[in-house]
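Provided below as C-alpha cells are two forms of one protein chain, presented individually as structure 1 and structure 2.
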Structure 1
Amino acid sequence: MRTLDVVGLGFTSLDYLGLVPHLPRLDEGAPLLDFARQGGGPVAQALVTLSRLGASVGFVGRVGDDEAGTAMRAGLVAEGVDIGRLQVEPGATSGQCIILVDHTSGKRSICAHPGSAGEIDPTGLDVPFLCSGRYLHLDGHHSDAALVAARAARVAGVSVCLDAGGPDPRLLELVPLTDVLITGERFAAAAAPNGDFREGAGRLRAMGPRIVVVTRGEHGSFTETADGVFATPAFRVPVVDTTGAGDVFHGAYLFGLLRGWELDAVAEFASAAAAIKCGTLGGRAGIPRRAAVSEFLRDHGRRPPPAMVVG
C-alpha cells in the first residue's frame, strides 16, 4: 500500500503569534504590530509544506476536542493533509503556543503549552497507514509511538526522516532507525565531545542515517553523506519571523528527495522555501507553493530543479 508520499507523526499545536517592537517586561504594555493565529508543530508544518509543493501527505497526531483542536483539524484539512488517523481526545485541551516575535531581528520566544490530550498510545497505532508513504516523518514527540512507527517503517522499506529539534535523550534512540536526519546546530554539536557540529554530524551519521543535514539559520546548512560533506549558504532576505523556517526546510527537503534531485539542489531548494517563509508572520501563512520557490530561485540567479523529473 503506497497511497501517500509522506506520512508524519508528531506534535501539532495552535499558535498565537504577536509581532512586538521589543519583548515586554513585567507590568509593561507593548503594542502588537501584528497578530496571527495559525496551526503549528514541526511535523504538521513540514507536511503542509509538502502539500503546498505538490506532494500527498497524511498526519498522525493528537488533539483535544476543544475549539483549538477543531481549528487545527480544519486547518490541516484545508491544506489537503489526510488526518483520518489524527486522534481526538474527548474533554482534553489541545497544545497551544504563544510566540512573541521581535520586530527588529525576526527572532522569537516560544511559550508552549502541551495541553492535556497526552501521548499517542504505541499499541493502538495504525501501522499500515504509517507505512503507506515513501517517507515517514517524525519530530521525536510521542516518542514511544515514534519508535514503534520507525521500526515498522524500516521493516516495510519506508524511509524514515527525523527532525531532531533538541537534545532529548529519547531522540537518540530514533537516530539508528533514521535514514534522513535533519537537525539544528545544537543537537549536532551535542553529539561531539568537542562540541563541534561538523564532528557531531559525522558521529550522528555513523549511528545509521545515510544523510545528515545540520540547519544553521542565517548560516545556511551543512550536509554529510557517505560521499562527503558540503555547505549550502542561506539566502539573504528581509526577515519578519523565523518561526517554522526549520519545519519548512524539512518539508521542502523531503519534497526534493521525493523528486530524486541531487542533494545540493535539494538543500538549495529547501533553503529557498525556508527563506520565503521568513517574510511572513507565523509558521504556516508564509509557506510557499512550488512556483513561488522556482521564481525565488530564478530571482536569486539560481536554476530551479526540473519540474517534471519524478524520483
Structure 2
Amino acid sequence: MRTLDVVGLGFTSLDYLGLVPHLPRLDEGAPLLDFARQGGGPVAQALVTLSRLGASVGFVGRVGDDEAGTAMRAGLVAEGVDIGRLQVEPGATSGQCIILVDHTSGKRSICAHPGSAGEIDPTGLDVPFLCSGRYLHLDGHHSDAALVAARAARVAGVSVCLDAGGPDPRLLELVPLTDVLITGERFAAAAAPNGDFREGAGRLRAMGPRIVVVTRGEHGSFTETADGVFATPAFRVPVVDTTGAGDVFHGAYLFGLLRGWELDAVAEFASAAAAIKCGTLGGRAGIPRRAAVSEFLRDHGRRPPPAMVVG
C-alpha cells in the first residue's frame, strides 16, 4: 500500500547566501546587498517543492547533531516532510554551503562542505519506507544506499526518478534502475562521444529510463521518450538567484507526473515553478505553491494543467 506520494533519499544542507554586486576576484571584497540562511540540498528541495504543491513526502538522509542539523530538521518538519527515517550522527557536523549570488545575472558560486556525518549505511535502510511512495527520488548522494533503494523500488513496482547533476561514474550505475531521468546538460553531453546533449539523451534513454529530461537553464528543457522528442522553452523573468531552480523543477515535474498530466504540460509546469523560484534569494524561500504556479501560467498566456489524479 502506498502511504506517500514521493520518498526521497539524498543530500540536505544548510545554505548561507549572499547577494553581491558582482562575484569578487581573488583578494577583492564585495558588499552584501542581501543575506539569507535556508535549508538546501537537491532531494530535500525537491521534496519541499512537492509538499508545497500538495503532495505527501518523506526524506531519508544523514546529518549531524550540530546546530545546522537541528535547523535543517526543523525546516523540513515545518514544510510537512516526514523525517522519521532521517539519520542523525552524534558528534558529527552537517553539510553546509556558502553561496555568493551575482546580482546582475542571478548566477552563483557555491562552496560546499559535506560535513562529517558520513554516508548512509545501506544495510540499515528501512526498505518498506523507501518503497512506500509512488516515486522514489534520488540525487546520487549516498550512492551505495541509493543503489539498494533503487533495486528495492524496482522489485516493489515503485517508479524511480534520478536527479543527475553532473558527470559522475556512480550516477551511471543508477541510470538502468531509473524510470525518470532528469539531468543537467553536462551529464547528458558526457554520455555522447561528440558531446552533444541530444545524442547523450538518446544514449541515456537506451540504458533504461522511459523519460529523459535535460534541463538547460535559460534555454529551457529537452525531453526524449519512446514517442519522440520535444523542447520546452524557459520563461523569461527577472532573475534574482538561480540557486535551487533545478531542484524545484524536479519536484514540480514529479508533481505533474503524480497528477497524470501529459508530458508537455508537466515540463511547462515545472519550468514555471522554477522560474518563480528564481525571483527570490535562496533555494527554498521562493518555492511556489500550486495556486501561484497556476496564476503565473495564466499571466503568461498558458492554461494551467487540469486537477486530475491517476493511480
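Counting starts at 1 with the first residue of structure 1 and goes up one by one along its sequence. Here the rigid core means the biggest group of C-alpha atoms that line up within 1.5 Å when the two forms are laid on top of each other. Keep in mind that this is a model prediction, so the values were computed, not measured.
Between structures 1 and 2, only structure 2 derives from the form predicted on its own.
Annotation: Cα of Asp264 displaced by less than 2 Å between structure 1 and structure 2, core superposition.
Relative to the superposed rigid core, the position of the CA of Glu28 differs between structure 1 and structure 2 by 2 Å or more.
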